[in-house]
Ligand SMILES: Cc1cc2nc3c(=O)[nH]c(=O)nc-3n(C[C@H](O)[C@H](O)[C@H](O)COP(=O)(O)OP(=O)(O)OC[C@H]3O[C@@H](n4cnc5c(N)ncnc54)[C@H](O)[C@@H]3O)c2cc1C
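First, one chain by itself: the form predicted on its own, in structure tokens.
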Amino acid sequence: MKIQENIPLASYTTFKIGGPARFFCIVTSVDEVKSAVIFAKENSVPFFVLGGGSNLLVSDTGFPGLVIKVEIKGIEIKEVGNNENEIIRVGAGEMWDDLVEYTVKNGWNGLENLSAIPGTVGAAPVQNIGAYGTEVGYFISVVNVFDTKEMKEVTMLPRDCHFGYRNSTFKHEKGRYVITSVDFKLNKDGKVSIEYRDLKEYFSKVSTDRGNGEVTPSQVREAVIDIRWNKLPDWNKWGTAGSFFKNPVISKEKFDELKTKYPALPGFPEISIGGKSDGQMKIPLGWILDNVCKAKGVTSGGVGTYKNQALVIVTKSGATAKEVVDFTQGLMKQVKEATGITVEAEVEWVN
């Protein structure tokens, strides 16, 4: 492991924005993670764990401590169950979509709805990434971490992670846990989830070409990739972190109130990982930004909302973090004034 100094962070994030890290290192093992944390503590500087950089907005002034880029690799079968499931352990530095492709090719189902999400495996539990009707927390067996408080390796069960909508223990105890690998419990029963509206519509149009009518995991992956890339910008042309905001979760009473004002407003019962509903409703913020705030394709300087999806913020070359902050705060203000809803950012601010 080599500690470097004053390394620009823009090239390590999908926003392509950000000043330098005072210190920077790449770690490829748990021992190197420990060494990096010891360095930060001995030098009395904060540290930040970096994966694929796809859900971050780094300050124009950079980060004043140590950035630890986790590149722990490897995929191994840990436990072979019955004919229906197996447990695989995946290094935190593996790219997420590479893992999804690997599981589908090997006959495991479960992760196909999470195709084409950028970032690394280690970041997936932090955000409890989700898309098209599923969340990664459904399929996590354990999360293996280095506890920087106790300075030792720890295995965390799902109940320890407190997975919620784009939420987990790792977001509430920032800096304590460095995720080193994740164990996934995956099925081989071939069952897929296509109840989400976009998938339902997709397969209703192509169902006649699917033989016996049963949809396979590989077909779901193909559909998700097709749907996502029709909504999202080309990462090679734009700086972006994908969906910038969380979809709001509100009370049923608040939803009914908004439904009176905006009859076409969609809403879906919020279901926990345990399969229970507490009566709250999740509403698509993209719909509000598009239909209420008329914000789709709006730009200001080098920042704007994407032409096909108002929930996605895009930046031109040369845009600054301050421009992104000012623009997104303006959108949040518009939503608040129109609906009374306080919007939360999904993207993490690093400064």
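When you see a residue number, it is the position in the sequence shown, counting from 1. In this text the structure is predicted, and so the values were computed from the model without any measurement.
Keep in mind that the form predicted together with the named molecule is not shown, yet the notes after this line are about it.
Candidate stretches 245-253, 193-201, 98-106, 114-122 - the one whose heavy atoms come within 4.5 Å of the named molecule in the model of the complex = The contacting stretch here is 114-122.
T14: heavy atom within 4.5 Å of the named molecule in the model of the complex?
-> Yes, contact at 4.5 Å.
Is there any non-hydrogen atom of T240 lying within 4.5 Å of the named molecule in the model of the complex?
-> Result yes; T240 sits at the interface with the named molecule in the model of the complex.
Examine K78 and determine whether its closest non-hydrogen atom to the named molecule in the model of the complex is within 4.5 angstroms.
-> No, no contact at 4.5 Å.
Is Y177 close enough to touch the named molecule in the model of the complex, meaning at least one heavy atom pair within 4.5 Å?
-> Within the cut-off, so yes.
Pick from T28, Q309, S54, S59: which residue has any heavy atom within 4.5 angstroms of the named molecule in the model of the complex?
-> Going through each option in turn, the one that passes is S54.
Interface residue in the model of the complex among A36, I283, V49, V324, criterion: non-hydrogen atom within 4.5 angstroms of the named molecule = None of the others qualify; the residue that does is V49.
Within 131-167, the residues that have a heavy atom no more than 4.5 Å from the named molecule in the model of the complex | Residues within 4.5 Å: A131, R166.
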